[in-house]
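Here are two versions of the same chain, shown separately as structure tokens and labelled structure 1 and structure 2.
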Structure 1
Amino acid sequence: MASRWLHISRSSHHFRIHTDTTDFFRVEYGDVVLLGGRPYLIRHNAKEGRFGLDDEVKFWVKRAIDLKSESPKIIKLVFYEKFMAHIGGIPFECYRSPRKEARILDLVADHKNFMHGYSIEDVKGNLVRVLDFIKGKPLSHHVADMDMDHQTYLYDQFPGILKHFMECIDAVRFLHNHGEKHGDIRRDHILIDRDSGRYRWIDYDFNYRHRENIFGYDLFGLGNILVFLVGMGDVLLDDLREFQTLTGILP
């Protein structure tokens, strides 16, 4: 089953088959993860793509091949971490929650603006998420790769982008109406599906301890993306002040 995916020099490869994924560092290239009797051939570790962490390896997230369907998958193994985020001096305790992501995968199984997949426990009870691979690039890369001035972008490209982004906002409202939050809304967490052209949210495993408003952090993230889309990139307050000083015009 795996031979077509292996280099000819590895035709005599001896597989390590994992049914326990607790130590995700041990799950490496060429291994097979067996989940519910279904084998997945591990290819590569995924990498982080933003916030100064470009190409940092995420050892708990594996690119894989479903050896029964021969389709590409993303396998997210259980990894717990906590960190503090700050917005306007207000701290948020953030953490990873595999069970939250599993709940949302069930909730959005038929929704066109989300990634799809399923969750399953390994033999040790680790809640692994098996995700359908989305062919396409992040919205952030799509905008950054446009070779045109801002005015041309604003009139020719932005209206179509905004229409798709409004669908993404409505998709987040769908989560909120069901008492769930995305938890990690970023412009690189929207993929443009090459097959359908749809904008699709990915990565739901972050959660945070909310205060007055359970959805506050999500709403901040949506506003941050909107600023990026309107500005055709990051526009900071210092940039606006400099523009005003040079031109005397409020942007």
Structure 2
Amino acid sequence: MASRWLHISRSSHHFRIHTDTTDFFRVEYGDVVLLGGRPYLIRHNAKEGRFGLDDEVKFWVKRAIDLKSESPKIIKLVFYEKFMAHIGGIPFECYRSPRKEARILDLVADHKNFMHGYSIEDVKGNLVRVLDFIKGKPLSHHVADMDMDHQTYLYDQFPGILKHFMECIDAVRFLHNHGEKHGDIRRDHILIDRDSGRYRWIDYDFNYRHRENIFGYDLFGLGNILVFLVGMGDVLLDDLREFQTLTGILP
């Protein structure tokens, strides 16, 4: 069942089968994770990179194959972390919650602008999330890869992008109306689905300790993406100074 997915050099591979995923470091390439009797062949650890940093390996997030349906999946194992984040020197606490992501997956199961999947407990009660793999690149890459001047972008590309992004804003409103935060709104957390062309939010396990404005940080994230889209990338102070020097116009 699984050997056809492995490299030929591993044809005599002995499969390790995991029903307990507590130690996610032990779940490696070529292993099988059994969830509710359904086997998933583990391929690679997922990576995430941003702000010019090398892609960081997320050992608790695995690329996998559902061996029954033969469809690609992302499997997120349970990983808790808490840390302090800052915006402009303002500290706030962030944390991961598998339970939150599981809840949102149920909530958005029929919503076209979200990643889909389901959650299931392994034999030790770890809440594992099995996500449908979305073929397509992040919105951030889509914009960064455009090879044109800003004016052309603004007139030719931006209206279409904005239309799609408005759907994403509406999708966040859907979450908020149900009392949920996205929690980690970033330009690379929208994937452009190659099949449908839709923009789809991913990654809901992050959360932040809100204060009086429960959705304040989500809204900040949306504004941040909007600025990025309008500017066709990050608009830095140096860029504005250079613009002023060249044109004499105060941006």
Partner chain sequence: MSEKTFNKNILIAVDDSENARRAVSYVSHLFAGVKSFKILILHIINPPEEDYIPTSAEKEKWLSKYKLKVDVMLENYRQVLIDGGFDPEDISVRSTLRYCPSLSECILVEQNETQFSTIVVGRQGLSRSEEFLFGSISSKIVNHARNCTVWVVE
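Please read these numbers as outputs of a predicted model, since none were measured by experiment. Start at 1 and count along the sequence of structure 1; that gives the residue numbers used here. Here, rigid core means the biggest group of C-alpha atoms that superpose within 1.5 Å across both forms.
- Structure 2, not structure 1, is the form predicted in complex with its partner chain.
- Relative to the superposed core, residue 234 undergoes a C-alpha shift smaller than 2 Å between structures 1 and 2.
- Once both forms are fitted on their rigid core, the CA atom of residue 243 lies 2 Å or more apart between structures 1 and 2.
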